[in-house]
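One chain is shown next in C-alpha cells, namely the form predicted on its own.
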C-alpha cells in the first residue's frame, strides 16, 4: 500500500544533422535516409577508451565511450535491417497495410477477420522492434489517432488557431516563453529563434485548444521532440493533441497534476509487487519514486533517455497506450536492482538511475525487460488508478484547505 507520506508535487543513430530548417505545413526539405553511416573511432580512441562526443539522428550531442559507440553501431545495423522488413511489408501489402488492423471484425467474412488478426499481430511485433525513422511520422500520425482527430476539423484549423492567439498573453504563454530557452539548450535547431518559434506556436495553440490543460512544464520537451520527428509543425500539434486527449491518463497536466500524482502512486505499488526487495530497501532509505519518476511521466522519458531510445519507447506508447510508461519505468529499476540494493543513501539511488537512463543507447535492452520480463494485467492497472485517485484527491483537498487557512491567518 502506498504511504500517505508520498509527496505531492507541483506543477543515437549517427549521421549528418537533417531535421531543420523547419517549415510550418510543407514537408521538410531533408528526410532521414534509410541508409545510415557508422561512427568510426581512431586507433588512439579505441586503445585509450576515452570519452567521445557525437551527434545522434535527431541532432543531439551525445557523450559516451568507445563501448557505447560499438553499441550504437550495432543498433544502427538493427535499424537498417528493420527498415528492410518495413519496406518489404509496404511493397507486399500496400503503403498503408497497417491501417487494415482496425477493420471491424463483425463486418468481415471469416477469412478477412483472420487477415485483420494476422496484420494486428504482425504490426505489434514490428512496432516493438522499432519503426524506421523515415516511416515514423506517417505511422505515428495514422496509428495514434492524430490523423482521425485532424480530419474532424477544417483544414485551416491549425493556421487559424495559431494566427488568432499569436499576440495574446496569458499565464500559460508567459510560462511557455520562460521555458523555451531551457528546452534542450544547445540543440542546433531547437535552440534557435526558428526552433523556439515553432515550439511556441504548438504549445500556445494547444493552450487555447484546451484551457483545462493550458500549459504545464514538461510539455515543452514533448512538443520539441514531436517537432523533430514529424514532417510538419501542424502534424506535431495534432500528435500533442492525441497524446493529451487520448493516449495519456486524464488530468496528468492540469493545474494540480492530479493525474500525474495518481500515476506515481500506481507506479510505487507496481514496484512493490514486481521488485519487493528493492521497494523495501528504498523505503528504508527514505527514497520516494517520485524523485525520478515525475520527470519520466511528465516528459515521457524525453529528458532522461537518449533521443533514439525515447523514440522507440514512443513507438510502442502511441500503439499500446500509457501502460508502456509503467513497463519502461519498472524496467529501469529492474535492470539495476542488484546495484540499487547495495546503496546506502538516497543520492546514490538517484545517481545510479540517472546514469543508467542517460546511457541506455540500445533500446532493445530496455524494451526486452519492459515488454517481456515485466508484465502486469492492464485491468489491474485501471483498478489501481481508481483506488489511488481517491487518495490523491483527498490529499490535494487537504493541502488546499491548509493553504486557504494560512491565507486567512495572514489577512487577519
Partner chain sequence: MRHFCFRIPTTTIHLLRLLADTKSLFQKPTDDLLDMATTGPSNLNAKLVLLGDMGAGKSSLVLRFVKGQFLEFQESTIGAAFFSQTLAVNDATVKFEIWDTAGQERYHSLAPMYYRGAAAAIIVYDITNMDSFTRAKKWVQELQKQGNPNMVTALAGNKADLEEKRNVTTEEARVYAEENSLFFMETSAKAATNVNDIFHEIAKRLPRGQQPTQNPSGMVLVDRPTQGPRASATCCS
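Numbering follows the first chain given and starts at 1. Source: prediction; values computed, not measured.
From this point on, the text means the form predicted together with its partner chain, which you will not see here.
Residue contact check for residue 160: none of its heavy atoms lie within 4.5 Å of its partner chain in the predicted complex. Proximity of residue 348 to its partner chain in the predicted complex falls within the 4.5 Å heavy atom cutoff.
Residue 76 falls outside the set of residues with a heavy atom inside 4.5 Å of its partner chain in the predicted complex. Taking non-hydrogen atoms only, residue 343 approaches its partner chain to within 4.5 angstroms in the predicted complex. Only one segment in the set 278-286, 78-86, 224-232, 144-152 has any non-hydrogen atom within 4.5 angstroms of its partner chain in the predicted complex, and it is 278-286. Checked against its partner chain in the predicted complex, the candidates 123, 299, 249, 242 yield a single residue with a heavy atom inside 4.5 Å, and that residue is 299. Among the residues 205, 218, 133, 306, the one placing a heavy atom within 4.5 Å of its partner chain in the predicted complex is 218. Taken together, the three residues 54, 56 and 193 all stay farther than 4.5 Å from its partner chain in the predicted complex, as judged by their closest heavy atom. Contacts between 238-263 and its partner chain, taken as any heavy atom within 4.5 Å in the predicted complex, involve 253, 254, 255, 256, 257, 261.
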